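In the form predicted on its own, a lone chain appears below as structure tokens.
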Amino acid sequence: MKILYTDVLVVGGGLAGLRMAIAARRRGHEAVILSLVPPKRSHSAAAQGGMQASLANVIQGQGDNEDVHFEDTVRGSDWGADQAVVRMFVHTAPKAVRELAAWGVPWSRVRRGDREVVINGERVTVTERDGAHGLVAQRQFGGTKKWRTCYVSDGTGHAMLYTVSDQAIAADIPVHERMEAIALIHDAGRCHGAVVRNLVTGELTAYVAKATAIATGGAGRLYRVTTNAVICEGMGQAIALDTGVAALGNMEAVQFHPTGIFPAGILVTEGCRGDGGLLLDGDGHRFMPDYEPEKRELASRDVVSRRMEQHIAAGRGAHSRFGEHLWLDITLLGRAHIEHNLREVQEICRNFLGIDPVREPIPVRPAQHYTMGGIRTDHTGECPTLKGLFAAGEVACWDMHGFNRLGGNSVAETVVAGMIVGEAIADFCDRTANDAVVSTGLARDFLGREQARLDDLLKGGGRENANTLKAAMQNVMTDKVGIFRHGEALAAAVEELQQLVERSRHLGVAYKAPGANPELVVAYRLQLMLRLALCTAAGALARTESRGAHYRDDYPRRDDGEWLKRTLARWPDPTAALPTLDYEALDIGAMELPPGWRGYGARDHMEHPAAEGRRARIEQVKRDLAGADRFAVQEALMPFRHLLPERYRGPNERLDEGTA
């Protein structure tokens, strides 16, 4: 058993983890990154469509700014987001794009003059301004008022990940590959690092750190059909939950992407619809305007996914030997556009479907895509109940997405949260520089505990098969905790998952090697994944309303009076059958944008009793500040700049308004 020491331990080698490590390293702190795979193979590379930032460079983005991006994000979240965090995010996103450009991300650029685009199924000529020539381009994404999504063809995540990874290499930050954190070392409300398993040799090592940052991505593999990579099993959330101290926020908030290719579930970017692609039913009819006449294909993802499933349920789907699906038609975009801006989509269709989207529509159906819930943190990215533990990216409930994420806001969050949380980690290390070093005994206790867990699996005589139980869990989650939810099905899901938890106590592992042993890995991860699944299902059963991606057939209305609050799930007793659910109220009196209609979807939410008063107060502030600029009004309504690291508080520059 070995013990290694560092200032900052980052668990996860994707965009968020790399960016946090870079922030800490340039402040003079040692950082070590753990990664299941080489960093450039991380799931961040799968982000195709782009990164939202209110640059307002393209003509269709003219007039965009932080205020518009803020409103889009809060409405998209169905008022589940922390509005101060959203403000921090939208203010920093333009800085992140420009930093990435300086580091070498080859953003697609604006070209002056006329160009043809497809808007609402029709070819339209737009004229880009001379002054915008050479600036970062943006495309349209769902749920936004302006064209805001910066992109690199349809390989945005790939380009960003390679660039940021190269910066980590330049900063001499070590990445320990094929290493998995299987437990957090903690004592008396303080995190001291992690127990880490070498996936090749099976050896356990205690990594002791002043600050531990988790950036392991989502938990899509709780579901049978997901756009997530096979490594996205929620282990970061799970080891935090396993402490019994840290809470997970909003685990019932699970997003389904409208356009997973059918039947494989592999993602084709929202850029397909943003660039003008249309959704068609089995009869070739464009159906989204029937449901959402204003936003059509570009309503938020939760709304589009539900409309698609609703249309299939009405008997309007296309039939195949694999089941029913709908069509995504991008043929109207033309070969040149597809081969230049959607080339990865074309490759996916050719390789996995045997079709060319230049000539044929793409069979699609919604698939699990994103986990809005995660490790609950404050605005600095730190866990409020376990000091020294930080989280950023999809693994975290920071909480800027609430109950639905807008496309392009997640890959933006990875680097923006990495920047902001990385500075907070450096501040924490500065403050704790003289703290007593954690005892060797504590580290050895955790090492011994985790080794005993693994030995029990390897040497025990259980007869349950981990892969069988995992498949059963994924079926339960897909069939009963999916796009449409109902109390009876959710109650059944909770009961069935509890039975799987009990069966998982009797796992048997046929292959006994302690080192490279995929069967063992499935076994110890499964026990943790089942707890995450129960947090999701139990939270969904308890939340008797519909909000964002959480849609209850039996409670179809958003109920702000009862449910304008964040779910917090803990598991303090390892022998308990269910998580402990608590709630964290969202304060309407501190909101810059009080709850209302989203601009798409249903108009029948139930008002919070304080909403009208807050709206009246906001209108009064605006009258009192008549003639003042938007910054003064915003500061009066909800101050946020003091929450940001000082280096990111400055204004952003735009073509139309200069420095603003």
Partner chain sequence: MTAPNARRPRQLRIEVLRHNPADAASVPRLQGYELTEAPGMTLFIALNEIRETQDPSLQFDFVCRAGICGSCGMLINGRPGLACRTLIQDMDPHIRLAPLPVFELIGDLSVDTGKWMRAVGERLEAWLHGAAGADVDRMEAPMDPDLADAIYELDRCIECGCCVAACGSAQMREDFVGAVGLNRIARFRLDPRDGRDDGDFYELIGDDQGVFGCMTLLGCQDVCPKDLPLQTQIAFLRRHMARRGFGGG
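Numbering follows the first chain given and starts at 1. Worth saying up front: this structure is predicted, and the values here are computed from it rather than measured.
Same protein, other form: the form predicted together with its partner chain, not shown, and the subject of what follows.
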(request) Consider residue 289 of the chain shown here, and say whether it contacts its partner chain in the model of the complex, taking contact as heavy atoms within 4.5 Å. (result) no
(message) residue 57 versus its partner chain, in the model of the complex: is there a non-hydrogen atom within 4.5 Å?
(response) yes
(request) Mark residue 265 yes when one of its heavy atoms lies within 4.5 Å of a heavy atom of its partner chain in the model of the complex, and no otherwise. (result) yes
(message) With a cut-off of 4.5 Å between heavy atoms, is residue 651 one of the residues that contacts its partner chain in the model of the complex?
(response) yes
(message) Considering non-hydrogen atoms and a 4.5 Å limit, which listed residue (429, 195, 364, 152) is close to its partner chain in the model of the complex?
(response) 152
(request) Let me know the one among 457, 542, 229, 280 whose heavy atoms come within 4.5 Å of its partner chain in the model of the complex, would you? (result) 229
(message) With the distance limit set at 4.5 angstroms and only heavy atoms considered, check whether 105, 173 and 343 all reach its partner chain in the model of the complex.
(response) yes
(message) Given a 4.5 Å cut-off on heavy atoms, tell me which of 575-583, 187-195, 325-333, 308-316 is the interface stretch with its partner chain in the model of the complex.
(response) 325-333
(request) Just give me the residues of 622-640, first to last, that have a heavy atom within 4.5 Å of its partner chain in the model of the complex. (result) none
